[in-house]
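Below you'll find only one chain, the form predicted on its own, shown as structure tokens.
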Amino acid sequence: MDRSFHVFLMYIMIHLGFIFFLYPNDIITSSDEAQWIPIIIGLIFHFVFLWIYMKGLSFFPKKNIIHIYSQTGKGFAAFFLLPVFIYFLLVDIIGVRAYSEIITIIFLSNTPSWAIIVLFLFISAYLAAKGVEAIFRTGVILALVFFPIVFFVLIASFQNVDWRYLFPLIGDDFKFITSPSYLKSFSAFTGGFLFLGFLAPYLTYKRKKVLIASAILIPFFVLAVYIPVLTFGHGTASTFVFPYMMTVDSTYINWLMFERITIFFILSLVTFIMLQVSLLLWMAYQILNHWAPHNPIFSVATLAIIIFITSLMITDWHIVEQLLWLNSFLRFYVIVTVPLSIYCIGLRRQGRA
């Protein structure tokens, strides 16, 4: 059944969850001027590997990457699927720990992190156990409820911008390419499209709709970085851990009955993150089920408990940042090798045909 609209919405939601939290700080701290250059380089990387990935998948209608790798042999399948499985678990562990820390820092200072992590994992695990169709149906409802809030806050955050901070527009210093902050920023570009390879045979989609969703995200990547820079200036914005959240927090709307719109914005993004966590859990279960078939409830619950225990071992934000940096190596390995390998296997199959 064609679910292009569901995939379109899900693609936008899971990327929005990444864009507005850590991405602005990573870009602002890695480049002193002309931040659009590192943004564009990351976007080009994203579009190139997204196209390769979808082109490779198009050679195998109604087959996911687990089926594709399995056709090439057990050793080959394990070589590619095991790093993907570990990557999904690490993203979930770092994600639930990082976003529970963000919620604690911004507006639930008296709530212990473990309680927020339990809520995160319980809802996400429930959705993952119900299957991918339940996740995508939930995504449509959440999009209808929270997209208007995100757009409203985005427009309102222009309130204090000073356009003189836009300059200089041209920079000739490309040292940011090797900066750890810049390499970490690729989690926002590249972490979201792997799920496309797990949808068959449950859902089908049109590649054109995914590319449109990717194009729609471009202004969000730019605005998430430039609105804090235009509001505070680069020097001040680079000192904030969450520059865009600070920008939203500085916005005041006198006709609105609520003093802070930050809470509504964060709650909207957190629901998108929960969808992302549930999708990662479901994909990790699909790989686990291929090697050791089990009931989905048992498998997802086991993975959720492992993620919960491991995330509790991360004691502070400094360790979260170190793990984000260390995870960059595995992320680049997975994001580069999976699309290229699927594409090469597809070309080889087409040549034989």
Partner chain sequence: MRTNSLKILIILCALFLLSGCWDTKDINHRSLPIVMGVAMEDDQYKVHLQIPDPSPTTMKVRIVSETGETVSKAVDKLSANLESSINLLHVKVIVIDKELAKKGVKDLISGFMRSRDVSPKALVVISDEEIEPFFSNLKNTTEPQSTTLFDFFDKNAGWNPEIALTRVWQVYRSIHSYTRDVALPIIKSGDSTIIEHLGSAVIKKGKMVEQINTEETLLVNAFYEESTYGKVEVMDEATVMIVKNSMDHKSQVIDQVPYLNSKLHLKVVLLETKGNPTVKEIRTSLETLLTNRFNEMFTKIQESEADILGVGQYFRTQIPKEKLKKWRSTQYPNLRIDIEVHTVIQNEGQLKLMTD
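Numbering follows the first chain given and starts at 1. Computed from a prediction, not measured in an experiment: that's the story for all the values here.
One more form of this protein should be noted, the form predicted together with the partner chain, which is absent from this view; the next part is about it.
Of the listed positions (140, 134, 105, 212), a single one reaches within 4.5 angstroms of the partner chain by any non-hydrogen atom in the predicted bound form, namely 105. Contact with the partner chain in the predicted bound form, defined as a heavy atom within 4.5 Å, holds for exactly one of 202, 264, 152, 122, namely 122. Though the partner is left out of this view, residue 101 does not reach within 4.5 Å of the partner chain in the predicted bound form, counting heavy atoms only. By the criterion of a heavy atom within 4.5 Å, residue 216 is excluded from the residues contacting the partner chain in the predicted bound form. When the partner chain is considered in the predicted bound form, residue 232 lines it closely, a heavy atom lying within 4.5 Å. For the chain shown alone, residue 74 is not a contact residue for the partner chain in the predicted bound form, no non-hydrogen atom being within 4.5 angstroms. In plain terms, the part of the chain that comes close to the partner chain in the predicted bound form, with a heavy atom within 4.5 Å, is 111 to 119 out of 111 to 119, 216 to 224, 194 to 202, 92 to 100. No residue in the set 178, 316 and 327 has a non-hydrogen atom no more than 4.5 Å from the partner chain in the predicted bound form. Shown without its partner, the chain has 234, 235, 236, 239, 240, 246, 249, 250, 251, 252 in segment 233 to 252 as residues with a non-hydrogen atom within 4.5 angstroms of the partner chain in the predicted bound form.
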